[in-house]
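In the form predicted on its own, a lone chain appears below as structure tokens.
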Amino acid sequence: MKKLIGAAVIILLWNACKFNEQKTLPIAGNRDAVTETVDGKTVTDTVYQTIPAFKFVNQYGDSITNKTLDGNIYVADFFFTTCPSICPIMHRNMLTVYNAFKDVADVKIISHTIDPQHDSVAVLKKYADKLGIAGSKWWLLQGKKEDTYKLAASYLVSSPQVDAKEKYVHDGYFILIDKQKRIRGQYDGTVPEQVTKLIEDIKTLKAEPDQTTAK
């Protein structure tokens, strides 16, 4: 009997450890090792690539910066309202993400237009209305084209030599960014299975300790 009880305790403890294992997402992008002296000891820390500062205008005419997204996990993509091919597919799929996190305060979506000459604030608002989105969950952003392409280049993590126009503007990628502005995932926004994975990865990311405590 004692052996049976002992075995049962071991199984329970093993199951508890498995239950408490925290799944985490990889951190993508470039990284640097930074060494400094703390309290007389040499400490080496890893500094990861982050999304740089930016400033655009959303479909309501409000200024949106990287600071506006502080404390938020977000998904980014690039599009233009007159796109006849992948953009409608992408944003039908992004609506699934929108609806999944509509009532979650710290998850947002930002879509950058690559055709600011046509996609004025009024055009973006009309596009948003057609999608059926409202409020501050999903922002459609407009700014100088060169600024948008420069920002797109910062999302490149696997092939930095690839032109940002080709990688993110024409291929329909969704990019997952954490509260520290680090890249945590890339997904083909035209493939429903990839969008499902994105939703699951957002849930995983939200459960990470540094995401629940990040400011």
Partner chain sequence: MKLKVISGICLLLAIFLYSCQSEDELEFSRYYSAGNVIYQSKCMNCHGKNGEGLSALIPPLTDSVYLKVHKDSLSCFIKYGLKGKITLANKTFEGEMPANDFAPIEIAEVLTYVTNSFGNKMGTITSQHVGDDLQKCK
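Just so we're clear, the structure is a prediction, and the values are computed from it rather than from any experiment. Positions refer to the first chain, counted from 1.
This protein has a second form, the form predicted together with the partner chain, left out of what is shown; the following refers to that one.
Novice: Residue 127 near the partner chain in the predicted complex, any heavy atom under 4.5 Å?
Specialist: Yes, residue 127 is a contact residue.
Novice: With the partner left out here, check for me: in the predicted complex, does some heavy atom of residue 136 sit within 4.5 Å of the partner chain?
Specialist: Residue 136: no contact with the partner chain in the predicted complex.
Novice: Can you work out whether residue 121 and the partner chain are in contact in the predicted complex, taking contact to mean some heavy atom pair no more than 4.5 Å apart?
Specialist: The answer is no: residue 121 has no heavy atom within 4.5 Å of the partner chain.
Novice: Does the partner chain get within 4.5 angstroms of any non-hydrogen atom of residue 114 in the predicted complex?
Specialist: Residue 114 lies outside the contact set for the partner chain.
Novice: Counting heavy atoms only and using a 4.5 Å cut-off, do 88, 92 and 131 all touch the partner chain in the predicted complex?
Specialist: Judged in the predicted complex, 88, 92 and 131 all sit within 4.5 Å of the partner chain.
Novice: Among 141-149, 80-88, 103-111, 67-75, which stretch sits within 4.5 Å of the partner chain in the predicted complex, heavy atoms only?
Specialist: The contacting stretch is 80-88.
Novice: Only counting heavy atoms and a 4.5 Å limit, does any residue of 175-195 reach the partner chain in the predicted complex, and if so which ones?
Specialist: Nothing in this stretch is in contact.
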